[in-house]
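The form predicted alone is given below as one chain in structure tokens.
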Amino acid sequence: MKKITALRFPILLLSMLIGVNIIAQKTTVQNIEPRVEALIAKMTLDEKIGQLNQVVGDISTGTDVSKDDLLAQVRAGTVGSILSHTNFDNKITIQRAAVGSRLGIPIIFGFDVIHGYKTIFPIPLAQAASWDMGLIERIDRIAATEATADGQNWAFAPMLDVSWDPRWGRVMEGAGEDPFLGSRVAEARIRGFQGNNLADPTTLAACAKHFAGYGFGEAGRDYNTVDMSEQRLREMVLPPFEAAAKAGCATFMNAFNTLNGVPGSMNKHLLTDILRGEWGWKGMVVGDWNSFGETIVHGAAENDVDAAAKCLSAGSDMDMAGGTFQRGLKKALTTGRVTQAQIDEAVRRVLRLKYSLGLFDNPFLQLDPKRRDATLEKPEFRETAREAAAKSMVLLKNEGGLLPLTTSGPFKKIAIIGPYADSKGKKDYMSFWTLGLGMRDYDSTKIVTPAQALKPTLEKMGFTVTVTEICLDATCTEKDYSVARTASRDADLVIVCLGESGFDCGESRSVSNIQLNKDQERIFKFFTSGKPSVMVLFNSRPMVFDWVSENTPAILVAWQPGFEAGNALADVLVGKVNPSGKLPVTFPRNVGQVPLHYNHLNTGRPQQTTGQMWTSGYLDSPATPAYPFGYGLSYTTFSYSNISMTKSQYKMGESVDVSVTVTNTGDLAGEEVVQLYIQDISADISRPVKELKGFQKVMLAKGERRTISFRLTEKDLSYWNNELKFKADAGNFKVYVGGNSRDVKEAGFELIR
């Protein structure tokens, strides 16, 4: 006879007492459906609506649910899921209450696992800058391992919103401006979270959010209105979500915004016609925080009954934090606004998810204190965080080979200055998602600051190093300027760490101005002018720093790099790691250019030179970006040659094979992201000047030459026309290959019928 563990015994006893066998039969894909149907047949209407109800846990804001009241609701079977609960012991108590309810249906715990769980990695936008899908998958594999060890079953990630507006605070949470790159990142993150088996105790159910159009809010304002053509929706917004659906993402989340006047939570076109219809996806859809109730504020629903009916009928299943289904769904049923069959189908989706996660087999699968103690914040997780932060950093400028810093160079005295040189506050190097809403109370000593790592590293190499933290909270005083003047005057080289606080990025953190703080810019203008200097930018979005860009020899975008900020920065600045990051977003010259993205249409009057009249440009600024999509330098150099295809004409349905020779022409080994773009020269509608269709990240030794090959299919050459037909047109295409979207080699071919 098998030994029954202390946790397992009361579950079995409760199961026998209530006459419902939720443990004995091991869940398999084949036996989920009959078990779901058997359970639904036993459920009351209140219990069914309860499964569609997600309530808030012990988060410090936004809830009026006390612990005792929450337990009472769980025992009554009127709660299906709890989000943002961080107290491990309380999760055990809550789950015991759930399995002790009439039907013993376990609770699913959800959490915003955005860029790590206990071990904090670079923000998602920074991860995308690595263009390393294997690394991104490893990051979320670690995040899932930690989160599940702490009792979480469900991650409210990845965010798949494409955005062209850096003013939007949540641009930090996605993969940037391109749907192709965003699709590959989506697949990698879902593999990381979900692995090969959702019932594995170390895997989380992923959640593709926010469906859809959230990244295109007017004026860059969070939650704002979105209005776009169906053609743009399908080409720019939906591809990462379709990739997530095809990759088996367990859940989707509605968007807050209206799309062409219809709130995401009640958008039948998105949820039923496209997601469940065209894509054949069968998972569960959850609302965003009170998004069902906010349909009333949008003016698209009259009251809770109307909102509940419209959201359920559109294809939404679970109500997050708002209680709209609890208040309105029963009346919607009795008045004929919804049917019992619709409610049952939503409940099926919730129960399927819980069965797939193995929660019916063992509701305490991810509530093992010993595993928790042995898993959280392992040293090897920090090593991956360090690797990820270094690979995410993007070198924008390096005049005269100023970097990496070596003992053979002309510098002996180095000053490290700036508001983020040695910040000990919890607001920096991470993000709102790891610092806000009371979700986590991190010990700031876990963060390695730039000075903590860079100073001893440089001193060990023989440099004299001073650290001067000035302009705290990014606000400079005359005393700060005096200190900066003294520190820079006595140094041969100045490293200035500035940018924005990590708390300035994330939800509800949109800004109208992305210009580098003028006080910080003044450090360069007056106190490092003429002195060799390096700007290290800690940022969560593209920023504008035109004067610094023109007058500073070296610029490194460090993003918000997480716990290992300082170690990763030291690795890059001294050359232990050769930077290989590439921008997943365009950096504009000024905010007036926004929205600015590489895959724009040509217009009938494209501007060839700045100031050219009667063209699509500006009188007061170039139309070109400061730094283009896909851009990033290395400490070595790469050349591209011999771009070719096997033939000049291809028939519809044939694959187009493209090859290019890439050579490391510098003195160091380095990684290059080889990027493939196409342009459809003539189509039913105007097409973008470039569209990313492939990339490969390759390591090349000094002097090494390698032929890189890509294959384009008819799908890659197809687009959505105004009649919403997805098709490729016969005609001429251009192919571009290079290290960014601007600096490319060009070839062409003809597609024939």
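No experiment lies behind these values; they were computed from the predicted model shown. Residues carry their position along the shown sequence, with the first being 1.
FYI, the form predicted in complex with ligand BGC isn't displayed, but the following is about it.
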query: Any non-hydrogen atom of L83 within 4.5 angstroms of ligand BGC in the predicted complex; finding: yes
query: Touches ligand BGC in the predicted complex: R541 (any heavy atom, 4.5 Å); finding: no
query: 4.5 Å heavy atom contact, W154 to ligand BGC in the predicted complex; finding: no
query: Contact flag, W289 vs ligand BGC in the predicted complex, heavy atom cut 4.5 Å; finding: yes
query: Interface stretch in the predicted complex with ligand BGC - options 253-261, 100-108, 555-563, 606-614, non-hydrogen atom within 4.5 Å; finding: 253-261
query: The unique member of H115, R189, R170, K391 whose heavy atoms fall within 4.5 Å of ligand BGC in the predicted complex; finding: R170
query: Partner-contacting position among E521, D680, E507, E387 - heavy atom within 4.5 Å of ligand BGC in the predicted complex; finding: E507
